[in-house]
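Look below for two forms of one protein chain, each set out as structure tokens: first structure 1, then structure 2.
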Structure 1
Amino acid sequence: MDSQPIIEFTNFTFQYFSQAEPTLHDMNLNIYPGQKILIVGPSGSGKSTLGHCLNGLIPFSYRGEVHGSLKINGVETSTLDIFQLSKVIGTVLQDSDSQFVGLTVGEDIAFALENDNVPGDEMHRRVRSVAQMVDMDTLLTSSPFELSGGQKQRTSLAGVMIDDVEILLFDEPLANLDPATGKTAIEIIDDIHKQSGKTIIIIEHRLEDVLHRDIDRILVIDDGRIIADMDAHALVASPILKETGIREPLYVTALKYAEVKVTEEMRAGHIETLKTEFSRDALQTWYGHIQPADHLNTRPSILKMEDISFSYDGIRPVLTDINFDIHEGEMVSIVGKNGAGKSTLSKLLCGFEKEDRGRIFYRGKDLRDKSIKERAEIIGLVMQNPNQMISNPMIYDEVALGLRLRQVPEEEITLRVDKVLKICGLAPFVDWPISALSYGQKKRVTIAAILVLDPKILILDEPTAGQDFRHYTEIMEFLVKINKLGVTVILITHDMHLMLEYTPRAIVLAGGRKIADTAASVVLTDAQVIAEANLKETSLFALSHMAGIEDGTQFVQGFIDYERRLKNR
């Protein structure tokens, strides 16, 4: 690379005003024009902080101490203000609801131009052409309320691209997107990269999903330091992912189970580039030796929905004729595209909304006349958005709230809260205010606040959004543990790994109807269900074909059974 770097960190250190330690340590990093970079790392490792340094939010909006140098296009950023930087680097924030400041799509895309005093006609012309690029030109007059998560993300993208910046920065673009929309988002980003040659930086936990398209370099950040800088093939072949607690692609895990030594030569960074000649035999042998586990849950029904239909406004149906039966001690996931009605379903179960038709039974008893409070004795719900549940400024009080309202003696509260905080990985933060936590940490606070109440049935809406693999595993293992003790667990999720790994059974919603209710491995290999519910075929399926194994579904099921046995040992 002989050209001049577009981004240049030299001995760069940053410490937030309220922190006792620096968050970024002594960074040295060069990024060249036109590169496409992925940044991964555990939650709280400083990825977003790095992004803030680039786009100028540090020091413009967050106070702190900076040492060392950061140059963009050869210019020291400390001599630029945020407006000058915004002409060079465009940022798409994780929270697309907050990024969407206009009343309609058109206004939002035009926001940067309005601030630049671009005259009306030119503005409309430019908005239309950018909207076409992201396929939003027919929705210019829609309000954010009428858009799906993916459409909001596209709008944010257009709003940033309209300024013709040189660098695009995406902070967790996939969080909260359903698998198919996430895949599309990665494709859009890649197309823009190919067409315009912009420099692209993506921060993301979902490594495998980003690797759906090419990436030039992957940076691994741990504890504020860059500990690896390599391409995808080298990274998955190295032990770094495992050491830092980042999830490797599922097919790589399968290869390792089959005792294949993953090397750089195998080009395992993307499933498309994987050379299977080194591993075909090993995979077949491994597959042949898996003993199927028995799955039948014959225990009595604990929760049953019968012909449930619901609409918020009485006009547009959100759920239509939903039927299902969940058995005691089961672990089930509910999946489906953005806006399919998953969260709504959980609200009906808890009595937050009243069904228009149909009945809900708990152990054969009709729940119709039970109030929210009475249902809450049985069913605990962790809502999708943590901010909607948190009502105390301090972590400890928040988790203790439900117990205090139930008049549990204070000594017992202390015991139970401490225990649950430990499980959720929050013990180091007991006396922090909630406002100093990252999104993933806040989410864990809400899980703790419900877990502490010991419900019979636990519903978690997107429990793993924004979590790194280590915490994700800890939370899920704990759920498995309480599930074994008899608690029924329902997971609403966009994470197909989660569904495969932890829930033998999946209920699939699309357009407010139930379109499948079967084994998770079957769902993820059924092309029609996948298309209808915006899911994504698992890479294990592709792997089985590459290895010459006919029955892909059976292979996926085999993988799950093997993994479960491994954990139970």
Structure 2
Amino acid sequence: MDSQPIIEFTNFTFQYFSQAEPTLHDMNLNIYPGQKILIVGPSGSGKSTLGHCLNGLIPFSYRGEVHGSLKINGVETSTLDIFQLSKVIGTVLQDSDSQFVGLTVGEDIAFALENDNVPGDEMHRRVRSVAQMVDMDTLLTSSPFELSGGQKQRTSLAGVMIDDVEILLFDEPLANLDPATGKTAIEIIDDIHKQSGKTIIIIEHRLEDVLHRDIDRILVIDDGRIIADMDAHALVASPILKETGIREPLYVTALKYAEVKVTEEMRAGHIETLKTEFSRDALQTWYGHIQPADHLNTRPSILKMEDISFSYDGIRPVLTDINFDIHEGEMVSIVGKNGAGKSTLSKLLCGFEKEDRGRIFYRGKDLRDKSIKERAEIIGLVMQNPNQMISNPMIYDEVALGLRLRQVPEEEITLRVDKVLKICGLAPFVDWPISALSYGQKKRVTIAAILVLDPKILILDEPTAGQDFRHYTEIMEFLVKINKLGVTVILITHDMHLMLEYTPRAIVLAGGRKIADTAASVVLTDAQVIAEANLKETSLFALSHMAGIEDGTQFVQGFIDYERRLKNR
């Protein structure tokens, strides 16, 4: 390893002009050339701010007060402009779409070279070379906006690498990707690291997914301070993840449930390196004592799709022959890769689009002639981004809006809004402006605004996207509470942890067809379904085999039931 740091923070403090307190406190950190670093921390911990300080967005886009020193390649960043920094450090953003500037993949990758007046022949050669590195050389004439999530990620990466920067910074690279594409993204980053020897920094809260490949160091940031700087094996053996509210890998949680003391010697930082001789007996004993729960729902049908087919343009089918029957009080996940038809399904249920063929039933009655307004009385849809649903500045007015549009008397509105704000844990904020809320609280406001209308079915599109583990758990436990009040909950999600832990049943779509409708534990242990739907096998399944437990699916189901009983205590 080079003894001279490539990145050097010395007593570095940063405070946004709009904030009363610094976001980063007195940071001291050295990162060396060729290292691969993961930065994790809860929402608001300062990890994204750290990234912005590195790539120049602070202070050029986000203004604030800087104390101390930040050097890259021995040069104080305060003496560099954002253009000079971009030649050393390349950033791949969470939202690939916002990074595209070209009409084709090739144009987008070539953008930086065009700015530098690189001759045409050399430009074509370098574009082809970088495109091959990220496996995009056959799509150079495609529009970036027609690509899959993973292909967009590769294009963004190529556009950054074309400049031959020394440092690559990835800000939440997995946020919008389905499980298999996320896994591929981590593999691409690892391949680039091995081939090029570049310094790589990944900011991400999905710890287990990043640990699919080796990481040199993991920095844990909380409240603007680095509270840990260690390798994966030391980190999962320490109490730091639990104390900071970061989700530990599922297989590590299973080891702890089986009363295995996780130590560094077990090499539990990656499932592939885990030494199971320390835990086989304990896991087998624990598995032997797990009592499977009864998940059978014998209540009547509430929502049924029968032979549903749909196409936006009348040529390319988006959904084909979809059949399912959801019962009252169920909590169900709808999963599948980007573009599988999940969101289209919700549009058909809400009446935003009309099915070409087939019928949708609510409690046995055909919904075909029901308007969007009439369907909204029984089916509530909560969109992924709360900012797309909010239209009032104050919380009370936002939650009351639907009732006012229905001309409900104001005294009844007050009673209903007060009741739903209590259920949603928002009662203390009733007089607050929505702008003062966190993302997770805004999410609850949008759920409250739907719940106040007393829907019988609640559909949520990616309810936990962009949430850290604490906020994720708060939202999901809150949805469990609503479900227990009798509301049927349907979750459209990429999050396999969510599907496993909270929904006993999963409907899987691939290529517009239903390929599975079964227990979540079965979905994530069936190799064929996983491959077809771009999902990812759960690490619990791998752990069961490593421990010599034959029925891996039953082990996964046992883990879920055990966890649910712990939460209900």
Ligand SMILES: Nc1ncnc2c1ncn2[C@@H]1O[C@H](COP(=O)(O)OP(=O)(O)OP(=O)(O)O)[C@@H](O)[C@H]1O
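Throughout, rigid core stands for the largest set of C-alpha atoms superposing within 1.5 Å between the two forms. Residue numbering: structure 1 sequence, from 1. Note that this is a predicted model, so its numbers are computed, not measured.
Of structures 1 and 2, the one that is the form predicted together with the named molecule: Between the two, the form predicted together with the named molecule is shown as structure 1, not structure 2.
Rotation (degrees) of the lesser rigid unit against the larger between structure 1 and structure 2: Interdomain rotation between structure 1 and structure 2, rounded to whole degrees: 17 degrees.
C-alpha positional change at residue 429 between structure 1 and structure 2 - rigid core reference, Å: The shift comes out to 8.1 Å.
Per-residue C-alpha deviation between structure 1 and structure 2 [residue 419; rigid core superposition; Å]: Shift of residue 419 at C-alpha, rigid core superposed: 7.2 Å.
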